[in-house]
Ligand code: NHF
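In the block that follows, a single chain appears as structure tokens, in the form predicted on its own.
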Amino acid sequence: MGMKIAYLSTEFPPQVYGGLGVYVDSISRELAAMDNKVSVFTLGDGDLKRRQTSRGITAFRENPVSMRDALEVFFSPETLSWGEGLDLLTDLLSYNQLAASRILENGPYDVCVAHDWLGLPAGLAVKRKGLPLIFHVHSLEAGRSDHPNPQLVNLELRGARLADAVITVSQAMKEELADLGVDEDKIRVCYHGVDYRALNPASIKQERLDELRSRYGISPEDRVVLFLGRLEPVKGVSQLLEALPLIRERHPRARLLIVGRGTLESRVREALERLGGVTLVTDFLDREAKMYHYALADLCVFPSLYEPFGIVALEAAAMEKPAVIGASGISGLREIVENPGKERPTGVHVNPRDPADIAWGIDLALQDMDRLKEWGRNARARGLEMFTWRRAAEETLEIYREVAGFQS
């Protein structure tokens, strides 16, 4: 028997800004294909349809109405210190209230899933009405911010304590949650997946790849190292730039291709002028364009300082690209990428806080191009075995059914 599932997510197509939106879109489609009904309660923009159903998925879009002028009377000095962030907070409070009401109006549902803290207030509200709640933790405030907001830290911990179950994205994140005091018995790990049909090296047309190579001025003799992700301190792009001169000592034809945007964009542009051989792409890439950028690379590098999962490593693997990844601290990447000491290596683990270690890992990978290609083939094979959306959906659905009290 199929389930009726309510999702709370601030991201859902066409409004997708990061990994959360990709996850909710992909897992929803897979669950719907397995004869479950999924309703996603998400943010609108004033123009999108407020209710829209397609292939077993119904999107309910809420347009927040801020009550900031009145709410400020009740805010503590700590809350008022959010400054401009108060607009985000009051919009989120409005969205959560509207979404909670719509869940109750359009139910009954078997389970409600709040994705990250952004939808947690609504999840806790409907739990008070008797709807089982799962808190799906994709990342934590304590890890993603250099200066964690203690109010958000407390909200996440309260959500984890009150929810019927907690799902997270890696063993590393499970350990982090347990270290923060969350009951380990209620934490389940479900890996993400990737669409291996859409990301497939066999789909690459050589003519288009050659055009992209020509656009970026990359010659056949160059060794292309690709970084794809947000240009934020937590992604390790600064340490990667520091590592580049060390890499060039051993591999003078190494070219760094950086795809992304963020607060460090000006630093990357400065490095581009100072170091040379660095190409920055800040354009939004659709799935096909992203596939061609992966295809252009000889090696991917994701030196994140904090990465609960790291779906970019799965995308690279789908395109048969090995990866050098940040593996210290909270790193789901090290659960995706297998070190050279493993039976089927797919890349190299490094300390992302040490530019010399990043350079060492990239050097090791680039020393043998035949071996590098073998690592890439291993990566896609491992992904097809462990990281598909169907496997993710099956494991996730099993948890939903258990929490909702469905019989096996």
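These numbers were taken from a predicted model, which means no experiment stands behind them. Sequential numbering from 1, following the sequence displayed.
Form predicted together with the named molecule: not shown, discussed below.
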**Prompt:** Should Gly277 be classed as touching the named molecule in the model of the complex when contacts are defined as heavy atoms within 4.5 Å?
**Reply:** no
**Item:** Close approach of Ser139 to the named molecule in the model of the complex, 4.5 Å, heavy atom
**Value:** yes
**Item:** Exercise: Gly159 in contact with the named molecule in the model of the complex, heavy atom 4.5 Å
**Value:** no
**Interface membership of Gly229, the named molecule in the model of the complex, 4.5 Å heavy atom rule** = no
**Asked** Considering Pro308, Gly193, Gly260, Pro121, which brings a non-hydrogen atom within 4.5 Å of the named molecule in the model of the complex?
**Response** Pro308
**Complete:** Of Val169, Leu256, Ala100, Met319, the only residue with a heavy atom within 4.5 Å of the named molecule in the model of the complex is Val169
**Asked** Exactly one stretch in 281-289, 180-188, 266-274, 308-316 has heavy atoms within 4.5 Å of the named molecule in the model of the complex; which is it?
**Response** 308-316
